[in-house]
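Before any questions on how it binds or moves, here is one chain, the form predicted alone, in structure tokens.
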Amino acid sequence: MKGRKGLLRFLPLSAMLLFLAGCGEDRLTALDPYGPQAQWIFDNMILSLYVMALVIIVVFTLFFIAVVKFRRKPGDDEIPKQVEGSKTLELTWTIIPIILLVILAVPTIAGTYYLAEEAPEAAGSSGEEEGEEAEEAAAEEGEDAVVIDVTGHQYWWQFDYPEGFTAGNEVYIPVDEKVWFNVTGNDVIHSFWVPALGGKIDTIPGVENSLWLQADEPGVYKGKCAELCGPSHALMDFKVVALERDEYDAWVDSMSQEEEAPEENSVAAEGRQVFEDQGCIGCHAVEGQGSAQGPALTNFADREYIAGVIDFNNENLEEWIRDPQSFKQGNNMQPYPDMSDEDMEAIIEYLNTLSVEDEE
């Protein structure tokens, strides 16, 4: 009875764990794939689950049959038949596991090559033996291939596009196309992961890894750092925005334009001057001007979140500028607690003009 009562005490905890297991955000789970790579991972998870379930069912069925059928009964002193050295049993429990391992190994090995596919341009450059036609075909395919350089920082993401501009914490890609990411780290090891689109890959300082992702539907997919990298690791989020090809090309064109100065004598113009006077442009580039020590702000006003995790509104923006450590412990953003209200109002007005959506 004591044992039964002890087990009953764990029922509420078990029910809560079962309930929480169903929680999750849309487009932030590997169990709801939106791309071919994520679908491959999901299918293999299900295959592994079926194999494991089959093994568990067979083992427990044999176990309970043995316990019930061959348990010792009163007055029964007969020694059961001994099976030690049985060739049939030896072959059975050797061949069956081999078959199960082959079932898991074949798609795993095939998938390893599938996931390691290189960008078309790289494949064409190394395929001299394939002939000129193959090289030309690869080169043509490579012309439209999107290859984005990704750098992980504590605690934000930098995305460098081949067109020469940089984006921070939000990466735009064309839908229904493979996009290649060359990833590295700036300070410590991070891990680049978009669960709904594919697997994760480490970003290591001094090392360049690569992977491709593809989104089958337009929309916003949430990404996470999957490697413990410091006190604000859990807040190192980013977004992948998948657009139709024409919309993506328009976005790239807008991001590549030179900055349009705010109207003279406007509050935004005053904010642009504060942006320079306070040294913000030394860390945050705007349309190619400035440094990339911090996230680029070219399309800052188009973002849904400040610093990847804070709801975008003027009140939160002011609090972030005055005390960023209260939101993201350990980040490198310089605080401005003594900035005057006039300068704060002006710089917020200027930051709210940094949008490329109206230009598309």
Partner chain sequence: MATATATKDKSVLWDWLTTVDHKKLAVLYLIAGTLFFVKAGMMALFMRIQLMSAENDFLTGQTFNELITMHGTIMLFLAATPLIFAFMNFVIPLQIGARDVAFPFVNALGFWIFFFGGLLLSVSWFFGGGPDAGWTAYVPLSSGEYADLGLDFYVVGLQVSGIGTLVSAINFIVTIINMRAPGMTMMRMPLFCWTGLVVSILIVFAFTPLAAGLALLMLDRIFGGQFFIPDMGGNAVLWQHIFWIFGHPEVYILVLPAFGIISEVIPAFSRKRLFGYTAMVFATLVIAFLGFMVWVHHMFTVGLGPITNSVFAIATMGIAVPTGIKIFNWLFTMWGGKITFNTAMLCASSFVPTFVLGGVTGVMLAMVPVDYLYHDTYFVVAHFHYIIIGGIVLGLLAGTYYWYPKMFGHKLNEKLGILMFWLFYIGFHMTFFIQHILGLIGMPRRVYTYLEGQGMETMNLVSSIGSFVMGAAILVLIINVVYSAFNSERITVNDPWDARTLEWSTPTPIPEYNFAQTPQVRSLDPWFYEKVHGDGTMKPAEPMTDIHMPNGSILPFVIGLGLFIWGFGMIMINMDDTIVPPFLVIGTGVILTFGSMLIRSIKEDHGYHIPLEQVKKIEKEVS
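Just so we're on the same page, rigid core means the largest C-alpha set that superposes within 1.5 Å between forms. Just so it is clear, the model here is predicted, and its values are computed rather than measured. Residue numbers count along the first chain shown, from 1.
Keep in mind the form predicted together with the partner chain is missing from the figure; the text below concerns it.
**Prompt:** What stretch, of 277 to 285, 100 to 108, 262 to 270, 161 to 169, brings heavy atoms to within 4.5 Å of the partner chain in the predicted bound form?
**Reply:** Contact criterion met by 100 to 108 only.
**Request:** Check whether Asp149 has any heavy atom within 4.5 Å of a heavy atom of the partner chain in the predicted bound form, and answer yes or no.
**Result:** Looking in the predicted bound form, residue contacts with the partner chain do not include Asp149, since no heavy atom lies within 4.5 Å.
**Asked** Does at least one non-hydrogen atom of Gln154 fall within 4.5 angstroms of the partner chain in the predicted bound form?
**Response** Yes, Gln154 sits close enough to the partner chain in the predicted bound form that at least one of its heavy atoms falls within 4.5 Å.
**Asked** Is the gap between Gly230 and the partner chain in the predicted bound form 4.5 Å or less for some heavy atom pair?
**Response** Within the cut-off, so yes.
**Prompt:** Taking 4.5 angstroms as the cut-off for heavy atoms, does Val175 touch the partner chain in the predicted bound form?
**Reply:** No.
**Message:** Is it true that Gln293, Met339 and Leu354, all three, sit within 4.5 Å of the partner chain in the predicted bound form, judged by heavy atoms?
**Reply:** Spot residues vs the partner chain: no contact at all.
**Item:** Sole residue of Glu78, Glu217, Asp246, Asp144 within 4.5 Å of the partner chain in the predicted bound form, by heavy atom
**Value:** Contact with the partner chain in the predicted bound form is made by Glu78 alone.
**Item:** Residues in 74 to 94 close to the partner chain in the predicted bound form, defined by a heavy atom within 4.5 Å, in order
**Value:** Read in sequence order, the residues that approach the partner chain (within 4.5 Å, in the predicted bound form) are Asp76, Asp77, Glu78, Ile79, Pro80, Lys81, Gln82, Val83, Glu84, Gly85, Ser86, Leu89, Glu90, Trp93, Thr94.
**Prompt:** Once you line up the core, how about Gly164: does its CA shift reach 2 Å between this form and the one not shown?
**Reply:** The answer is no, as the C-alpha of Gly164 shifts between this form and the one not shown by less than 2 Å after core alignment.
**Request:** Superpose the two forms on their rigid core, then report whether the C-alpha of Leu49 is displaced by 2 angstroms or more between this form and the one not shown.
**Result:** Result for Leu49: no, shift under 2 Å.
**Item:** Core-superposed comparison between this form and the one not shown, Gly85 Cα displacement 2 Å or beyond
**Value:** Yes; that C-alpha moves by at least 2 Å between this form and the one not shown.
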